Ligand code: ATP
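In the block that follows, a single chain appears as structure tokens, in the form predicted alone.
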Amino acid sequence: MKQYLEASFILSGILPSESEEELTKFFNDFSTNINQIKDEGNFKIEKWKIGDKKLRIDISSDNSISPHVAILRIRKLLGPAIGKKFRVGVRGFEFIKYVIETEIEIIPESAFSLPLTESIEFKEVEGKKIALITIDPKMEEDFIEKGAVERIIKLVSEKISKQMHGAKKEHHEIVWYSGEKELHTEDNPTTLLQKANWIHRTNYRNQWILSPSITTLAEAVKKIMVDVVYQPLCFHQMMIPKLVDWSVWLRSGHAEGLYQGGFEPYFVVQPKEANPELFEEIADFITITKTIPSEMLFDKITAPIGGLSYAQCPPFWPWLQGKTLAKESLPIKIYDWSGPTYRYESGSAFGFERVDELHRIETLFIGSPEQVKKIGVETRYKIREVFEKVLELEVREARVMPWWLEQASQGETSDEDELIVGTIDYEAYMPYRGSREESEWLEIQNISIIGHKYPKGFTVKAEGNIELWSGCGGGSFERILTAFIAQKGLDRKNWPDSFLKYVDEIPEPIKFL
């Protein structure tokens, strides 16, 4: 990789001409040290010049230390070198021109741009395919210090690779199957529930009102999860926030996947001022027109401060952030179903199983790698018991290794063929979709071992330098009950006794004239 940088250090005063000898030695020593450390490549300070409260410097690098990294190191060393003798300090630096030339696999068919760059060009030189990245000279020092340039270079390669190979699919391997179960309907469960007046679609996309009838079944599923999974494994209930600020999603890594095929949040905004006078005109407009003036509102709200909870796991972690856990508190095992979570589902979803507002059970556990592996396996089998033994659903388990996890070589399986880092999906057969072999099964629950991702992201440590891992799982009542109705129907005589013992009397649906 070849790089060329023109930059200026901003000084607190004007350096005298007698400083030139000192600076010549400083820059020669710096270049010599870099080239001695780097066995290959070449680093060179092409020239430098003293100006009006500025020190101009041009740097080239060929497979050696990056010029912007050199600038950060020089800034640190230059202050003491000139400050004591010439009483001039270094206040900062600014880029004038920064071009990075890196070799790529292919010249992409579709050009693209990136934030904090002036341009990205592609060409072929002597049989080599090259990307020329020109960094925006106005990039802030803070971004440079925190690795923005390195991430730009990496992202260019990733985008080219994506064009070359396309989106990679998850590894999907069936590892267990309940066997065929007796089925009592082939009707669409959403249609059945609507006709029975158990659910009602709202005026908003992919949102449903759950009647007392189906809410009774949701409460039954809660009781089953507590009796079969949480109490035997000593999990404790928590209430986790459902409004998540950007700092959480930055640390969890979700923000980097914003609407890139996996993280589709609802954003949350605030009023610029909680001032009645600010909104009086809007309130009057609504009173007169009985409509909502969206454009007028837009001027009086902030940019998004974050969003509604996509899953309960990330907003749990600020509780532990920056803390050291006592050994006696490990492992931590909790669950949460204290409120809905939100996902902006793409397309025009119809079914009750694909909703924007879902009522999700979150299972979360933290401990040493050995503790987390053990809890993950125990939880996996307990959840299997819920679906196969209590609900008597026809389900299967699929070992899923997301492509990004596989690429990072983080996915593992043990000699016992148990999940170590990765995910087990529970999938239910949906008779109305077609045959078992050809139709799409519905994912109703998962259990994952994440490894050290969250403890590292939120800087959580443990007493005695114990390595921390975490695991989590989730499943919504909407999906679990959709699968149950899809296989069993609405007639109670077809429901298993193991489930009915948890079901209170189902209220009669409200009748309409």
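None of the values given here were measured: they were computed from a predicted structure. From 1 onward, residues are counted along the sequence shown.
The same protein has a further form, the form predicted together with adenosine-5'-triphosphate, not shown here; the description that follows concerns it.
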{"item": "The unique member of 313, 355, 395, 386 whose heavy atoms fall within 4.5 Å of adenosine-5'-triphosphate in the predicted bound form", "value": "355"}
{"item": "One residue of 445, 61, 487, 470 in contact with adenosine-5'-triphosphate, assessed in the predicted bound form (non-hydrogen atom, 4.5 angstroms)", "value": "445"}
{"item": "One stretch from 138 to 146, 231 to 239, 436 to 444, 370 to 378 that, in the predicted bound form, holds residues within 4.5 Å of adenosine-5'-triphosphate by heavy atom", "value": "436 to 444"}
{"item": "Proximity of residue 68 to adenosine-5'-triphosphate in the predicted bound form, heavy atoms at 4.5 Å", "value": "no"}
{"item": "Residue 474, heavy atom within 4.5 angstroms of adenosine-5'-triphosphate in the predicted bound form", "value": "yes"}
{"item": "Distance check, residue 184 to adenosine-5'-triphosphate in the predicted bound form, heavy atom within 4.5 Å", "value": "no"}
{"item": "Any non-hydrogen atom of residue 382 within 4.5 angstroms of adenosine-5'-triphosphate in the predicted bound form", "value": "no"}
{"item": "In the predicted bound form, residues of 360 to 374 near adenosine-5'-triphosphate [heavy atom within 4.5 Å]", "value": "360"}
